[in-house]
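Next up: just one chain, as structure tokens, the form predicted alone.
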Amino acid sequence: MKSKKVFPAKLSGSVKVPGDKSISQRIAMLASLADGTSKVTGYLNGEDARSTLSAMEQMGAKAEFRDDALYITGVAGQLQQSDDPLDMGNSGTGTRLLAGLVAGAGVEVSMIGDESLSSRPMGRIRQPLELMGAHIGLTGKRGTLPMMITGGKLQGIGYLLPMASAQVKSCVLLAGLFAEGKTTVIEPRPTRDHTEKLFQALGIPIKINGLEVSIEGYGQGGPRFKARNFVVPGDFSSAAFWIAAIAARPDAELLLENVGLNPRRTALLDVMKRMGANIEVTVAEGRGDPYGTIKVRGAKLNGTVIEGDEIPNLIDELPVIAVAGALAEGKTEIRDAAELRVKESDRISEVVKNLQRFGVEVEELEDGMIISGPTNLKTPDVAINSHGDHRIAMSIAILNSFSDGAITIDNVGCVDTSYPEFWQHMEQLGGKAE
């Protein structure tokens, strides 16, 4: 079990965050399906993205890191049978999206993961995939990994998502690439649209009408599209830790360049501005996912309410928003976020418990929490366990930068799944972690 001793700090400066994890994983899948070799610049070389890439290699793709880029040679729509299980490590996104892809392609696979991933429910993807004609075998009462998938000869369906989920939406759309007829997904609320943007960039026939997304399937023969070059922008969810850390620190400044600015990912900026943060955003011109520069100047923050349609577009940022809430004047309420309970950990429970250790007044709700601030933080006298959740580990590190003493965070190896340079960047901004 890796541990880090993290010290209080005055953070300020600039960093270049790593490539977007969600986009990297989707590119790994689609470039592996393409005809020819794609060059991918900015691919996240973290554990989650690597496990997705390794799974595609097991099914026939070839991948090589060379000259600061990733080169992926695809299988021209024809995935190969893997004799060994696909080990997805800790990646829930990779597992759910790839399940749709292999169900459509008609290869029989077993998918496994680490202890954390093996505790997360997968039933939400089983229902639509079985409606399309696949068979999904799960284990345990909660429907978890290992997962057996037998697919092929799928039929397009119309599917109303029971809850807003970009992972389920993308799973169904990827399966729909191999289906006969049209596949339509209807969202209750807008979610991340990286899959749709990549489909458009590759010339895959996709229609978007408000909350309704449709594709015409290629049938069992699989999709046909040529390889191309991809550029992965910096991960906004990684940038969020520094945005919150600086926004709550009067007189501190932060510059982030080449960060992904997809409007369905950046709701954190709206929340921070509403709380009183001084944030300037400049969007660069270009195709695909928008990206650009974020400048943050610290200020005195005020509490706010985060709920409803905002939640799907900042679900990953809620732990660090809770940190900002602990430092803000008044109450910060987070509601409609029950999905946090089935992430790498029960993030509602873990965030509440850890805030309380720092002396924060916080009430746990079934679907969120109410935080009262500002808090004169006290340093916990026990080590804090991340329970293998990278966002919990990083959020606690940010919170402790505002305290008056060092803490130990146990089980921080999980940070490598999404942000291998996190501790290095903390020190680059003036912090200390050893």
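Residues carry their position along the shown sequence, with the first being 1. These figures come from a predicted structure and were not determined experimentally.
What follows is about the form predicted in complex with a small molecule, which we do not show.
- For the residues 206, 198, 107, 315, the 4.5 Å heavy atom test against the small molecule in the model of the complex is passed only by 315.
- 166 is the sole member of 145, 177, 326, 166 with a non-hydrogen atom within 4.5 Å of the small molecule in the model of the complex.
- Looking at the small molecule in the model of the complex, residues 50, 90 and 417 place no heavy atom within 4.5 Å of it.
- Note on the interface: of 422-430, 20-28, 6-14, 408-416, the segment with non-hydrogen atoms within 4.5 angstroms of the small molecule in the model of the complex is 20-28.
- Interface residue remark: residue 249 is not counted as part of the site for the small molecule in the model of the complex, having no heavy atom within 4.5 Å.
- Looking at residue 124, you'd find a heavy atom of it within 4.5 angstroms of the small molecule in the model of the complex.
- When the small molecule is considered in the model of the complex, residue 343 lines it closely, a heavy atom lying within 4.5 Å.
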